[in-house]
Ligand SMILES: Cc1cc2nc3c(=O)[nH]c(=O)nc-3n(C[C@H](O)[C@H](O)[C@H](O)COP(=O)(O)OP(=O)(O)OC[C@H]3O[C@@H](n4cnc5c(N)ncnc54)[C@H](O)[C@@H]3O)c2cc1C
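Only one chain is given next, in structure tokens, and it is the form predicted on its own.
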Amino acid sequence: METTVIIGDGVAGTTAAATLRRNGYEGTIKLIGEEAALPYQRPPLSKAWLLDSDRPRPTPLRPLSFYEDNRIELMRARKVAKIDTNERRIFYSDGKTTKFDNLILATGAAPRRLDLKGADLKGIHYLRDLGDSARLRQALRRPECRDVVIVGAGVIGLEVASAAIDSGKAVTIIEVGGRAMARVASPAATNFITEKLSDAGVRFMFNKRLEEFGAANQHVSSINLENGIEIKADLVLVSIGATPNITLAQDAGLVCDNGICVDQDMRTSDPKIYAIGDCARGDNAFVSGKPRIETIHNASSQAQIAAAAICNKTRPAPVPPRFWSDLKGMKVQAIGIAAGYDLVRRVPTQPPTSLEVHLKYRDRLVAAEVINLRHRQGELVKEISPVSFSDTK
């Protein structure tokens, strides 16, 4: 009987396993994860998890019974050390092996690290998994933690800033660029968000570069900027983006370039090996080029595409990428990719705490951004069409 092995038990890997069974796949499915916990939802780790007064528990993606009922062998706390593409075998760190007929890489991404003097001090945090969030939550709850500094004004940084403000901390965000969320949102949306967070007490410092971390008793005490400014810090979160986990793929000889390169069916340069989620880079029908998209929605969509290919099913119709976030009373939602547009139009909305922005290229709606307009995302998704050949000229 055929065996499909999935490395990575986040949203991408778990969705791939579930979709294989839904598509009628009868072979063996092995879902491998490095953490001991049941596969869990990651978005709460930078939001509700940090604020829960009781000891929080991760929210499972599926109950344990789901894996048992669907004959998905869940292999927790297992680390894959090597892939042998000739033998069609993976090797675990303990020396054991598993054969495969199809392999899906859903290895995700890891926080980008700072290489500065003092970067290894206690009190400097990164956020990606359950353990990271638990340590960050514990540090935020310490009575002596008053001044929180966040390096990077991306989505994760802003979410943690919102939680820290709600916890009564003084929060400063340092960003090397000129605005927040520049990779994923338009200036119209980010300016709106920045204004609301500033009103809530978050201090933004744009176009600033770090020089080093100050220390007291081997714990971070300050951040020193290149212009000589020193900022007090009892806790630092570094949130400057993520790098795809591609070491396994590279060592196996798969083609990689800022991600594992895939075709429209999520196949890598080896036709029996697929890559999905944050680690994968390939064509997307709604933006030119070959982006690597780090969202829950994209992970799920790519998982369904890979499962369809393995089951010889028709590839699912393309759907516009989307993401969402909760930021200090703002429900932020985006559809499409905020890139390649030549017109930004702000649509009049009520109440003043809401926002709707349309991003267009020529007459085509490229993306839309809405804040505190929950139902508009579902309506606008129908208006976004794939990139046409003329758009790429």
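Just so it is clear, the structure is predicted and the values come from calculations on it, not from any experiment. Throughout, we count residues from 1 along the sequence that is shown.
One more form of this protein should be noted, the form predicted together with the named molecule, which is absent from this view; the next part is about it.
- Looking at 201-209, 177-185, 295-303, 253-261, the stretch with residues near the named molecule in the predicted complex, meaning non-hydrogen atoms within 4.5 angstroms, turns out to be 295-303.
- Though the partner is left out of this view, Ala106 does reach within 4.5 Å of the named molecule in the predicted complex, counting heavy atoms only.
- In the predicted complex, the named molecule lies within 4.5 Å of some heavy atom of Asn245.
- Within this chain, Lys196 is remote from the site of the named molecule in the predicted complex, having no heavy atom within 4.5 Å.
- Within 4.5 Å of some heavy atom of the named molecule in the predicted complex lies at least one heavy atom of Lys79.
- When the named molecule is considered in the predicted complex, only one residue from Glu26, Asp52, Glu35, Glu68 comes within 4.5 Å through any heavy atom, namely Glu35.
- Checking Leu380, Val370, Val11, Leu20 against the named molecule in the predicted complex, a heavy atom within 4.5 Å turns up for just one residue: Val11.
- Along 254-289, these residues reach a heavy atom to within 4.5 Å of the named molecule in the predicted complex: Ile276, Gly277, Asp278.
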